[in-house]
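Okay, so here's just one chain, in structure tokens, the form predicted alone.
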């Protein structure tokens, strides 16, 4: 599997990104960086890797840009049809299952890893990791090449009783750390907060991200 966003790369080069999602009581916070690279070249500095699957369900994209976006668009269409058929909003688990089924069916052809997160009337805020047919609900999930730099941080800083604001800070701090260490992650930070009231989207510019110790400064 490739751990980042790949843009038109026929050679199958390994690309980078950082995605993260975390649950709080009543909702979820999802975040990503914005850099799209092909080899050593940055081909898009501000791609939004948080794609809506339905009104209150989002996915965070990593892997091949074309593959990940295609999966998101297919699932978005299928959820729209499903919601019309049942005359109610779809469940987050249903969206994650659709992503999982596509990922497994085409695991030899596609190179993409999506984190699915959202809110529904039955189970509230939920985060699901999907990878080559895997489907598991987690209190938080990270992905992409930048995730390797922050596993220690998220394991140490995560708390199950975090508030909405604390989760937002947790996501932004995690992204900032990953972007400062991983050369394949960068740009701006996109953050989406989803709860029963709706969706809040934020874009945090690079010069507005929190800073941590850097021996070069």
Partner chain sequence: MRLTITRFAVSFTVIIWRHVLKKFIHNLYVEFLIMEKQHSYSQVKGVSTGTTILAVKFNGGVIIGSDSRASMGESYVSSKTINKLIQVHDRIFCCIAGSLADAQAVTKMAKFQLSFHSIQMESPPLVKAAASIMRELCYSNKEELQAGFITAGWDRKKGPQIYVVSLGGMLLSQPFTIGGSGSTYIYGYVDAKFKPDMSLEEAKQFSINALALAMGRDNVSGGVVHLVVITEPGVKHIVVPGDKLPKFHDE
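What you are looking at is a predicted structure, and each value in this text was computed from that prediction instead of being measured. Residue numbers count along the first chain shown, from 1.
One more form of this protein should be noted, the form predicted together with the partner chain, which is absent from this view; the next part is about it.
Checklist entry - Can you pick the one in 36, 162, 192, 177 that has a heavy atom within 4.5 Å of the partner chain in the predicted bound form? => result Looking at 36, 162, 192, 177 one by one, just 177 meets the 4.5 Å heavy-atom criterion.
Checklist entry - So, in the predicted bound form, is residue 156 in contact with the partner chain at a 4.5 angstroms heavy atom limit? => result Yes.
Checklist entry - Is there a heavy atom of residue 150 lying 4.5 Å or less from a heavy atom of the partner chain in the predicted bound form? => result Result yes; residue 150 sits at the interface with the partner chain in the predicted bound form.
Checklist entry - Looking in the predicted bound form, any heavy atom of residue 140 within 4.5 Å of the partner chain? => result Residue 140 belongs to the contact set for the partner chain.
Checklist entry - Heavy atoms within 4.5 Å of the partner chain in the predicted bound form: does residue 45 have any? => result Residue 45 lies outside the contact set for the partner chain.
Checklist entry - Any idea which of 178 to 186, 49 to 57, 66 to 74, 36 to 44 reaches within 4.5 Å of the partner chain in the predicted bound form, heavy atoms considered? => result Careful reading of the contacts points to 178 to 186.
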